[in-house]
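In structure tokens, the next block holds one chain alone, the form predicted alone.
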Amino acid sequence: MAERPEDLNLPNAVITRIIKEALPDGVNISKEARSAISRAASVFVLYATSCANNFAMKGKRKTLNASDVLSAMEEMEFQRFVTPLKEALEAYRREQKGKKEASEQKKKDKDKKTDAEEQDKGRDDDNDEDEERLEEEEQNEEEEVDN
């Protein structure tokens, strides 16, 4: 847990970027207002986390999951955010699934390439053995002709 209340604040750079993206061009915000928004955002995150943790504890779990957060939003009377959060969660899951599939495909392709290289190496070794055998046979034939 944090030792000081300031340790619980969100990074100022992140808060500033979010504020700038939310405001129309040409609108400025004072340092004091930015600080107040930062503290409010930190309090909101802590409260949402605490509520979500209560749902996890009711489920006898130590790990918070997305459904705990969605339930917490409803309990905190932020129902209007539940649908956009669900949509964002689905988009995130699709993205992660796509990344996982791409990673698995890349691994399969790498394994195929390794297998092909090993087969080529095996063929080269077989060819080397065949060449050695032929040379030995030629030497034996030459020795027989000499005798």
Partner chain sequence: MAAAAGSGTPREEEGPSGEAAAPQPQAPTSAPGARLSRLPLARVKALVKADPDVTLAGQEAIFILARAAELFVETIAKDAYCCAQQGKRKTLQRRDLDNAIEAVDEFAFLEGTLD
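Numbering follows the first chain given and starts at 1. The term rigid core refers to the maximal set of C-alpha atoms that superpose within 1.5 Å between the two forms. Treat the numbers as computed from the prediction; the structure is a model and nothing was measured.
Heads up, the form predicted together with its partner chain isn't pictured, but that's what we're talking about next.
Taking non-hydrogen atoms only, Glu32 approaches its partner chain to within 4.5 angstroms in the predicted complex.
Within 4.5 Å of some heavy atom of its partner chain in the predicted complex lies at least one heavy atom of Val27. Contact annotation for Glu95: at least one heavy atom lies within 4.5 Å of its partner chain in the predicted complex. Proximity of Ala91 to its partner chain in the predicted complex: non-hydrogen atoms within 4.5 Å are present. Residues Ala33, Ala36, Ile37, Arg39, Ala40, Ala41, Ser42, Val43, Phe44, Val45, Leu46, Tyr47, Ala48, Thr49, Ser50, Asn53 of 33-57 are found to place at least one heavy atom within 4.5 Å of its partner chain in the predicted complex. Annotation: Cα of Pro84 displaced by less than 2 Å between the shown form and the other one, core superposition. Once both forms are fitted on their core, the CA shift for Gly98 between the shown form and the other one remains under 2 Å.
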